[in-house]
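Here we start with a single chain on its own, the form predicted alone, put down as structure tokens.
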């Protein structure tokens, strides 16, 4: 990359809150055939050439494992050139220098890492000459009109500020971590207009967009210089109908804009928000809700999956899963887009991965994130709980660090792309080699930190947890949960190794020892719903049918509701359906009371929640501390709807062959799924008719259709089959 010849530049003695703009003027004396700009920074940037924005990438260069990987963007800027040119690069803190991250530079840790940029502009003239403009001491720098910016802060802009340029300072900062752009760019995707504007009981002016979303507000107005527009964001209102922001914790999440004179338009340039509601805290005279709208941001992805039913509440749930994926697939798979967190939690990432691959084409998205996972993995093999690991706490434990095996395997199953396995196989091996070095029991995974079955609902009434963190981990045996995921990761390494032509004999021996030790140690102690589900899903039960029957009885006995947390819930409906309890799985899906997927829908949710009772039946909140209303983990139920309710299953990697085995339910009149695979579109729909169930099935590949236990082998084509309803 040409950028390797450039120098990092900064503003001398700038405070950490300064958002500098770097400027270079130059002339093109003759026609330019082609012009390419390479650029990146240690935050997020916006490049502007002759008052026109360069590219569509919002929040470039994105979030990577910055110590080892910093993406460089290349833009064709030929059409933006004039005879005399001004190139501006404005740099804000972004993720690199976020307020809750440890210092990450190579200088004295007592010093902050200043805003820096590096760029190279290649001009290829029509006469064959070439000119290269690099960032160096010939650039100028000033504080920009953005006076404060941060991922959690929001943004402040003063359009009355005059820019005062001075020579930029070159600085000695590494360039070895610079890599070409890998991930899909974050773009503006949709516009959402206000649904209503009202005043709360407290008298505050609030605008409701009718949809919880990730992005920012944009406005256009006419004002006098010095007038202010100040806006706060929120996901929900409290039970009295007032604006509520406590669940944002320390995230300020506001926009403060000082107007210039006359007509103007603005949208934040270096941050994003998670919100449904905007509170107008201050506005120029005459400002109305019609002058503002919301812009949805997410990584560029192609939609591949659609679900539709005859039940409006179920359709809203399907919509919520889509919006939560869009809202949290912003350069990395975050847990939430609004509070002072927004991390790439590895556990949440693997929990939702299958559903994610059905709803969107996420190959490029995950290829980049898995590369960061490899870069973040420690030499001894442990995988952080969040990736990028700028804010990592500790080894992730069962179901979190295991994302290093689970995600690439799922990507291989959905897309049939062996490169996901080849790229990740060394990291998989390192991970399963790490576990025995910390476990207190040979051939099991015991005695180690874990998040457990996070947020499970299975604690006995008389249980007294040691602390709040233990309470959140649920009542399942931590050693059992860890050992089950250990077995699963070893199993994946065996399957992946066989596909890659590796010698997996030592892993087969290890897997045999783990399964035998697991059954001997935990086989008679499968108490919680999650313990049973994990034993079933990972093939660790001596008598799977008997265990599934006990699980079903346990669910009915507690009021026909789930008690599973983050690790048990994604597999629960699958295992019930696999062993003849599809009717019970449907009961859980259709449950409108807490805890259930349709409970949040009954509370007007437009995204999936972190907690089943994020808003309680009486209108109060689960808590202020950890209560996101845009969390995709429980949206993983979408993969059960695709794969079981509509029955679309891969019979070969990438759906090169398919099995269509839907499991309809009498409580729903009809259901349809469309899945665009790498081999073409699959459609599976069913509808209750007077004389039976009508199935409409389209397959682009050879498939096996299984209806009411009867199997049909079919060629690619469209099929309509009426089957007597035996329910």
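Positions refer to the first chain, counted from 1. It should be emphasised that the depicted structure is a prediction, and the values quoted were computed from it without experimental measurement.
Just so you know, the form predicted in complex with a small molecule exists too; it's not on screen, but the next bit is about it.
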In the model of the complex, do 566, 610 and 626 all put a heavy atom within 4.5 Å of the small molecule? yes
Wondering, does residue 522 line up within 4.5 Å of the small molecule in the model of the complex on heavy atoms? no
When the contact criterion is heavy atoms within 4.5 Å, does residue 477 count as touching the small molecule in the model of the complex? no
So in the model of the complex, does residue 631 come within 4.5 Å of the small molecule, heavy atom to heavy atom? yes
Looking in the model of the complex, any heavy atom of residue 434 within 4.5 Å of the small molecule? no
Taking 4.5 angstroms as the heavy atom distance cut-off, pick the stretch from 340-348, 319-327, 458-466, 239-247 that is near the small molecule in the model of the complex. 340-348
In the model of the complex, the one of 417, 335, 300, 88 near the small molecule [non-hydrogen atom within 4.5 angstroms]: 335
So which of 642, 485, 451, 409 reaches within 4.5 angstroms of the small molecule in the model of the complex, heavy atom to heavy atom? 451
